[in-house]
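Here you get one chain, nothing else, as structure tokens; it is the form predicted on its own.
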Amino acid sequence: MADLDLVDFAVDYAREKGASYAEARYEHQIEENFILKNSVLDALYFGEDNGIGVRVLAKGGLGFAATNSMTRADVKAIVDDAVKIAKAAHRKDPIVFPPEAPVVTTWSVPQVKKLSDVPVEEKIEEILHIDRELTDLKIKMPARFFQQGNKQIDKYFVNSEGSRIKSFSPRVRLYYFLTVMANGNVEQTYQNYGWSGGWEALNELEMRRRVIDEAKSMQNSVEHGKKSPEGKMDLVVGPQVSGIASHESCGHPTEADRVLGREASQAGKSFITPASIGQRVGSPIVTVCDDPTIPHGIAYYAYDDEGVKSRRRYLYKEGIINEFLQNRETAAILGTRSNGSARATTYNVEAIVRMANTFVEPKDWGFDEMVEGVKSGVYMKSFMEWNIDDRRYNGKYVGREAYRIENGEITTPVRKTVIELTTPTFWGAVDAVGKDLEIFHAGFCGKSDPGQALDAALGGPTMRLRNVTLR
């Protein structure tokens, strides 16, 4: 409790020092990770860290400082530093935050099986069990790599507007990388799944089934896969592909700091400008959302790291650029309000504009219905590679599991399907969106300097694209 008292003290002291606005964010993180390589425990990590980050507005400037030394003297020192930095800015265009109503609340993510109650030996054994089932398949698999990680994050946020927000967020992540060989061919895949909640995650996500199915499809591809066709044709993409496209070609370019050019030298620009709201970027059937409130999405949160209540953000709505991901600073510049998009990896870095759980909103098409409407094309169920330029305009996606579609039926597996096209061309080609929403594919959203790699989820339903060029 003494540590939390320091958070309140930091805000009060910052106001005494002349800050027009002040906030302090305490975080305590417990992290556990292990790596298995071909059934051998290769690495095991336990980490624990806590500290306070303080951010202030003073004389139109913004200052931030942090410490992991939880003493009154050290907290005073970081407040002094933050105020000094803010006042030294001498900005001609003062930074302001739109006012927000104060919030006093506590929120947490429920756990059916608490992470803290499950010994690491039990967690390792559960992943080893999946690995042993892989070896029982008798598939030539020279490399099997699993990384399993868990985080438990306690936060306490206070600001000078009167907000007091406590939260607890447990997160589970499983990453695996497999290599399969047959007939002189090699196939590799990596998959990343995430969950907000407890150790029930592996069962809820059906990880055993997913891994086994992946290995079997890889074997089918290397033994029977044909060269993927090229030229103009229809393409049906699975939730993983619609997910990576929503993250890279919608989520990133609608980050307001990118739109304003703030990330140009660090993580890239955006083809979108502040005047782009209302412009068409896709077909009327396409709506891409970013939603921190999705239950058990790895980027779930009820309030962001500026104390703003989270909500679903409609980035592309019915094919139209609808809104940007905003924090309080960018919202003031663009004449709007924050939509709860400010997040930080931990206490010692500032909260910046970030995605959370980004996905294509489902419609009512069935999978068979979409395939039946394709005379000649490809079903790209998953991807092995993606590439996109720093404006998020020219993108490339390479299939991992893919199949030929002929006369409305899925036939032979095909290898390395490549689609390379612009963002408007991709979303403009969509004419059918399925109802099979899947949002538990996890990623890391990397931005800023110093870099912040933050949990993000990406997903969507199956979609059909008409008359696109495969290479």
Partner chain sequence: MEDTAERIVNRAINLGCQDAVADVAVNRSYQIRFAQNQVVISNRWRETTASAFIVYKKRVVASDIKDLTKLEAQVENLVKIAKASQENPDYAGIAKGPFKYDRLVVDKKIVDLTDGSDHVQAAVGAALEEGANECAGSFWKYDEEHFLRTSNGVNGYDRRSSLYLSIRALMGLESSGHGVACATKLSQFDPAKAGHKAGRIAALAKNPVTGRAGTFDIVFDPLIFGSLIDQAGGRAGAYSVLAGLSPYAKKIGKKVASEAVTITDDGSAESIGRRRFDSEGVPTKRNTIIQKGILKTYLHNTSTAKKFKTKTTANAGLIAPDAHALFCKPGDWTKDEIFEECKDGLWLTNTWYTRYQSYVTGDFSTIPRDGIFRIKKGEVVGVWKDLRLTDNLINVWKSVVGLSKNVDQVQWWGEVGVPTFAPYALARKIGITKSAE
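Positions refer to the first chain, counted from 1. Here the structure is a predicted model, which means the values were calculated and not measured.
Not on display, but discussed next: the form predicted together with the partner chain.
Remark: residue 81 counts among the residues lining the partner chain in the predicted bound form, judged by a heavy atom distance of 4.5 Å or less. Taking the partner from elsewhere, residue 181 is found to have a heavy atom lying within 4.5 Å of the partner chain in the predicted bound form. With a 4.5 Å cutoff on heavy atoms, residue 63 counts as touching the partner chain in the predicted bound form. Among heavy atoms of residue 95, some come within 4.5 Å of the partner chain in the predicted bound form. Only one of 98-106, 255-263, 153-161, 193-201 lies within 4.5 Å of the partner chain in the predicted bound form by heavy atoms, and it is 255-263. A heavy atom within 4.5 Å of the partner chain in the predicted bound form is found for exactly one of 362, 373, 149, 395: 395. In summary, among the residues 118, 207, 85, 141, the only one with a non-hydrogen atom within 4.5 Å of the partner chain in the predicted bound form is 85.
Within 4.5 Å of the partner chain in the predicted bound form, a heavy atom is found for none of 110, 320 and 410. Shown here without the partner chain, the chain has 384, 385, 386, 387, 388, 389, 390, 391, 392, 394, 395, 396, 398, 399 in 372-405 lying with a heavy atom within 4.5 Å of that partner in the predicted bound form.
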